[in-house]
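Heads up, the chain below is alone and in the form predicted on its own; it's given as structure tokens.
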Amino acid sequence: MSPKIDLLNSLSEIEQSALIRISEAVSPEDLEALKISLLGRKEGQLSQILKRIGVVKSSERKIVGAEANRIKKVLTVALGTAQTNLETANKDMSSFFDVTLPGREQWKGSEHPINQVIDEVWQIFRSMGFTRVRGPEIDSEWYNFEALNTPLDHPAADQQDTLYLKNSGLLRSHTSPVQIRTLEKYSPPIRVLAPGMVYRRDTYDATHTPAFHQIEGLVVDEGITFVDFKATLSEFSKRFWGSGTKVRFRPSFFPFTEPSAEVDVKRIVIRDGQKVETDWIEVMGAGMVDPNVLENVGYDPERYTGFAFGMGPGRMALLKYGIPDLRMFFQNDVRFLSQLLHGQIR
């Protein structure tokens, strides 16, 4: 092999090997060491090649020298590009990470206040012998209105209040349809609690939302009286709101109960370190099951009686945990979520 060919092959090997090593460099120090080993005047690999150019014929030295200069330019450009890339990467990393900051705890979930209320209500009624049931959120006019002694010309059945579906059916406007389905499916004694979502054409404001939770309760058996009704709801109210809670029943009207009542409570709360009695606050609607409702499911109203009640766990959560606005339950406000996480709303 001629000296010229030997030197050109050596130059080619140096170029290929150097480009690989430059691409694998992970620090500016690595690049500086490569620059010296490749292009250094005394010990650089290209300098060592050029020292041997004397063995090449004078007519061929120009070819070897030109190839050496080309490779020197290629490696110089590659070293500069690698240097820029490393500096940019280090600058980007420093803008994202501050190694002096303390470590962050992993974000942990927390139980939603409405779920807390539903679970607490359920545990209280469970201890009284209630069973938990559920029903469909898409229902018919029969279950949502007619079977509950509510005629279709009632204002509640109007399209301004109820969300009707395009083909058939509607989104239930209360959990009371579960009463009818339970009475159809089971025989007395019945003692059930039915939490679930309901839908109405309500405005979205601090105290109303078009979709919200409701809890329905139903008791049907022989010999159920208004005394049982008052005693059950009074016991629940004192367990849920506190032992010092006062309970009153105001006459009201619901199509599916007769007589009907609004249940109000007066609570004892701590304000500025002092025990304070609140004003009367309405917390649920209730009443004795209307005989027409029992007849609609084939029960003999002369034999069976019962009572029903309904409450909104969202509004109960507002009162229990001091939350000022229902809309906070549907917004991803980090400040609110942090309070849930650390139990500050309890």
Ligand code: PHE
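Model, not experiment: these values are computed from the prediction. Numbers for residues come from their place in the sequence shown, where the first is 1.
The discussion below concerns the form predicted in complex with the named molecule, not included here.
At the 4.5 Å threshold, heavy atoms of residue 286 reach the named molecule in the predicted bound form. Within this chain, residue 310 lines the site of the named molecule in the predicted bound form, having a heavy atom no more than 4.5 Å away.
When contacts are judged by a 4.5 Å heavy atom cut-off, residue 216 counts as touching the named molecule in the predicted bound form. Within this chain, residue 72 is remote from the site of the named molecule in the predicted bound form, having no heavy atom within 4.5 Å. Of the candidate stretches 250-258, 150-158, 237-245, 184-192, only 250-258 has residues with heavy atoms within 4.5 Å of the named molecule in the predicted bound form. Scanning 200, 134, 266, 112 against the named molecule in the predicted bound form with a 4.5 Å heavy atom cut-off leaves one residue, 200. Scanning 163-186 for heavy atoms within 4.5 Å of the named molecule in the predicted bound form gives 174, 176, 179 in sequence order.
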